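Take a look at this one chain, the form predicted on its own, written out in structure tokens.
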């Protein structure tokens, strides 16, 4: 049962994040509109030098095709570079533990995972990766994938705002995402994490004698604080350790736990407010914020119901409230980090995690979550227009048939790339190769694996046990399709509406509470209708089976 003290902690984290995100949105408006700033003196020479080295023009206006090509090709190049680092890390410096290179399928999965901002890990980092790999492959891709998502999201918002008559320039958005947003914020977050007890070292692992004679415990340490800061701020989720933030050195105390939760909420929340500032009407940003946080709040309430509290086997280092709060948040913001084993949770808590990943806009990852919300708004306005017999409009723009088709294509990408490989995995018996059965528990774990891959979330049940060629390749492909296809469709819509004539809105008012309710209901209906049969076969069936056996607190994996 959620106590008043627990409720106060959740409300405090929410309140601090929302207030700071509101102020950050003002700064982001300056960053991405190119408005003059006192920081230009420091950042402009650095950025201009980067443009010079790359041989790109940051002032050129790009159409959606040019924007997407630049985005996609750069991510391919970054993934290839990281692939070779992981494959040949045994021949590279900063490998005091002398770890061998990854297999081709694991390296393939890892680079597609981290370059797509998913951070699904089929390996345990502390026993697999050298310091160089952790920094130049893993942390490098965490920065670049976060910048890619932020740039794409801002481009879509810019197109819908319509003031610039363009979606912008990818290189401008990407470089500024790195230099003016991610690097400064992660630097501050890293200092705070070090102060809270998270290690930052390149000195190699240590052996510590235990109370047993001739017995030693290996103390895994390394550049952990810097990785944790970008993994949470960039909604990446991939940890230094296989146990992620359930491991004491990555998340030492209750204070660090709530600080890391706040980090993953920070930038995605600010993007919702940024939209209102870019449009010039804070009510529109408020609509995105309320819709996202209402869904997020419903998930939290469902997870905190007494009947859904965690059963036996729960990791109690942070307690049930902090662990449930983290799990719902990490799936709602598509971060994917964990502070407790997913197998210890009641199926209803896992169900709320599914909702966050299937919706992807509650509030979703930085940039991409707001992009998905705009996709849902287009579909909702179209459906309401059909029922009312009016031409759908949004922000004074007439929504055309092409817009709706592209939005539906973006929406349908998700179920296709989740459901098809899930079915294929069971048809060929891939679950048996990693020790799973075809009961509701096994189905939930495989279904969750492809859901977390498609949603670019990365939290999963399988971990290193999924290090097989089949799961490495299929989840890798799903992660990139789930990342770049929706971006492609939404950039095309944004580019089209950016130059479209705008008139005073005469259709459905989208800046009021009534539309927020309509939008939330529409999102839930679309998600439930699409995925309900699969959810019934997984967490819902397991929860019902738990009651049938007389134990309502059944947990996954027991």
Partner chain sequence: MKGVKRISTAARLTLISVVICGLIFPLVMTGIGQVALPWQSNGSQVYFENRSIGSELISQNFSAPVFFHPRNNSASGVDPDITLSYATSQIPRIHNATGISESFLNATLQKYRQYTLFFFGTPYVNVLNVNLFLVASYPTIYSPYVQ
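What you see is a predicted model; the values in this text were computed from it and never measured. C-alpha atoms forming the largest set that superposes within 1.5 Å between two forms make up the rigid core. Positions refer to the first chain, counted from 1.
Below: the form predicted together with the partner chain, not depicted.
The stretch that touches the partner chain in the model of the complex, counting heavy atoms within 4.5 Å, is 239 to 247, out of 386 to 394, 104 to 112, 370 to 378, 239 to 247. Note on contacts: among 504, 533, 55, 45, the single residue with a heavy atom within 4.5 Å of the partner chain in the model of the complex is 55. Checking 297, 280, 252, 100 for any heavy atom within 4.5 Å of the partner chain in the model of the complex turns up a single hit: 252. The candidate spot formed by 40, 409 and 429 is out of contact with the partner chain in the model of the complex: none of the three has a heavy atom within 4.5 Å. Heavy atoms of residue 183 reach within 4.5 Å of the partner chain in the model of the complex, making it an interface residue.
Shown alone here, residue 187 lies within 4.5 Å of the partner chain in the model of the complex, counting heavy atoms only.
The partner chain in the model of the complex comes within 4.5 Å of no heavy atom belonging to residue 415. Interface membership of residue 317, defined by any non-hydrogen atom within 4.5 Å of the partner chain in the model of the complex, is confirmed. Taking the partner chain as positioned in the model of the complex, the residues of 59 to 83 that bring a heavy atom within 4.5 Å of it are, in sequence order, 66, 69, 70, 73, 74, 77, 78, 81. Put the two forms on the same core and the Cα of residue 212 is off by 2 Å or more between the shown form and the other one.
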